[in-house]
Structure formats: C-alpha cells, structure tokens
Ligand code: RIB
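Before any questions on binding or motion, here is one chain by itself as structure tokens, the form predicted on its own.
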Amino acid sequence: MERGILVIGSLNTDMVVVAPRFPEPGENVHGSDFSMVAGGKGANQAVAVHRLGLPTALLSCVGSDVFGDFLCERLRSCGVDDSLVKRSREVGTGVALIVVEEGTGNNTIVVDPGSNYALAPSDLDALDGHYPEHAAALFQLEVPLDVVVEGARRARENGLLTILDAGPPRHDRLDVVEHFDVVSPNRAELAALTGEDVGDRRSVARACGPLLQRGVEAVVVKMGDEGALLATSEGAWQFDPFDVEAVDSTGAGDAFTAGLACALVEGREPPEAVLFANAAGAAAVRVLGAQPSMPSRSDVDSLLDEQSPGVRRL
C-alpha cells in the first residue's frame, strides 16, 4: 500500500462573502454570494492531499456543536479519515470570517480558533499506530505551538519527513522550525518568523538563511502572484507564477503546501516539487472557497502540460 501523509492541524467553519472592495474602518459595504464552507488549514491540506492521490488522516479538534458535525461530515465526504478528530465539550468549533474582493480574488480573514486551541500534546498519542502507514507529517500554526513542536519531534523519531506550513504568523518563534525538514511560509510569515526584511526577491532569499541555519533542509516561500522561491544550502531559485484567472485566493497556500508534500513523498527533487506545488496553488485560485478549491491531480497535471513558467537561480 502506498504510504500517505499525516496532517496535524486545524478545522474551521469558513463564512465567506464576496464584496466589490474591502471596507474602510467604519464603512458598510454590500456583499453577495454568502456561503458557509469547510475550512481550516489542516483540513484544507488533508483534502488536497487526498485529491492529489495520496492517503491521508487528520488529527484535529472540533467542538461538540453543529459546526463540528458539519466539518466531520465534509471530511468524510471528501474521503479523508476523520477518526482522529477530537470533539471538545468545553470550546466551540473554530470559525473564520472571510471577505473576498470581487475581480481580484484577494481576501481578508479573521479567525476565532476556538477548539483548535484545545488540541494538546497528549492527543498526539493517538498517532502511535499510524506512523508506519505514512511517509510524511504536515503541520501548520493554527494549533498550539507545543503540539506542533512535539508532533514534529515524534514524527521525525518515527522516520517521517516533517513539513511545516508556517501560517498564520507566530512572531519570532524560530525554535518551532528545529524539528522540520521543510518549512513553507508566505512572505509575511517569513518576516514574522525571522524578523528579516523581505522587500524584494533577494531579500526574501536572504531571510531564509536563519531557517536553514536551524537545520531546515529546504525553505519554500509562497509569493502569490510572484510565484515561489526555493532556498537550500546550495542557493536560491525563483519560480515564476502560472497564468490563471484568479477568483478567490482563499486556500491557495494550503493547496500549494499539500502539493509540495505530495511531490516530495513521491520522490521528486525539491525544484520539481516546488513547480508541482506552484501549479497546485494556481489551480486553487480559480474556484471560490477553501476546500471546494483544493485541486485534483488532473487539475495540476493539466496546468503543468499547458504552461512552463520560468525558473532561475538568484
């Protein structure tokens, strides 16, 4: 049986509305197309891994409420094993309030983590029988940091590749990365982690240095409409973006990181893995909503067949 990817992370109910533009403070802007969709970086990435063709299981926590029921049902309907999802009686399910700007697909997001912060290091014991079935463990920063750090340590002890999507920003906690083989922040998250300037591409490459010095083997920076950047001990490479019509950027970073994890588990070298991840992120912006936008393998392969974005060494 093909070994899969363990995902340890968040589950949220996303409340999404489309607006002609983002409101100024105190301003009321009329929106449209309200929807309630399953989200959370952990769940999004687990769904994406499954759609990209690898087995996955998600360790997470929801409340004992209708939102928790909704999220677990959505996971099952997407083919993701939800048997490791904990139900809290003390804290409600996490919720994200998302405004998508019509025309650009850009978004603003406010998250109440709720039960995501009820996940504890002791809950990692549930993974003990699952490590042999998986080749990698994928984490984000929407759950307590002690869960992330201890979870990565245990996964690495069990021989799994450890990958961190470094979002959302958790300021100046470089120690978090020490048990990770691969770290993938966006530009703002890289700045928050390192305190370094990230103005242009070369400064982004330099800002990856503190992470590499902590033992991370590869830093992959998600740069939105500028593509992506890969930094290793051997140097840095810029990957141009795919040319797609953006509808909603919500979840694009999650599709990117899941694509990166899948490609690495399949044995692709880092530059090829970043190209695959870049295509996965680009495919996601073409669909409204987080989990609904997670791409299939055919979505990604089609983009790779149609376009060949440039790659150059910095």
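Position 1 is the first residue in the sequence shown; the rest follow in order. Everything quoted here is computed from the prediction, not taken from an experiment.
The form predicted together with alpha-D-ribofuranose is left out here; the points below concern that form.
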Does T250 reach alpha-D-ribofuranose in the predicted complex if we count a contact as any heavy atom within 4.5 Å?
-> yes
Looking at the partner-bound form in the predicted complex, is D14 within 4.5 Å of alpha-D-ribofuranose by any heavy atom?
-> yes
Please run the contact check for G259 against alpha-D-ribofuranose in the predicted complex: heavy atoms, 4.5 angstroms, yes or no?
-> no
Would V204 count as a contact of alpha-D-ribofuranose in the predicted complex, using a 4.5 angstroms cut-off between non-hydrogen atoms?
-> no
Work out which of the listed stretches, 156-164, 109-117, 237-245, 220-228, brings a heavy atom within 4.5 angstroms of alpha-D-ribofuranose in the predicted complex.
-> 109-117
From the list V148, A96, V80, V85, which entry has a heavy atom within 4.5 Å of alpha-D-ribofuranose in the predicted complex?
-> A96
Could you list which residues of 34-57 come within 4.5 Å of alpha-D-ribofuranose in the predicted complex, counting heavy atoms only?
-> G39, G40, K41, N44
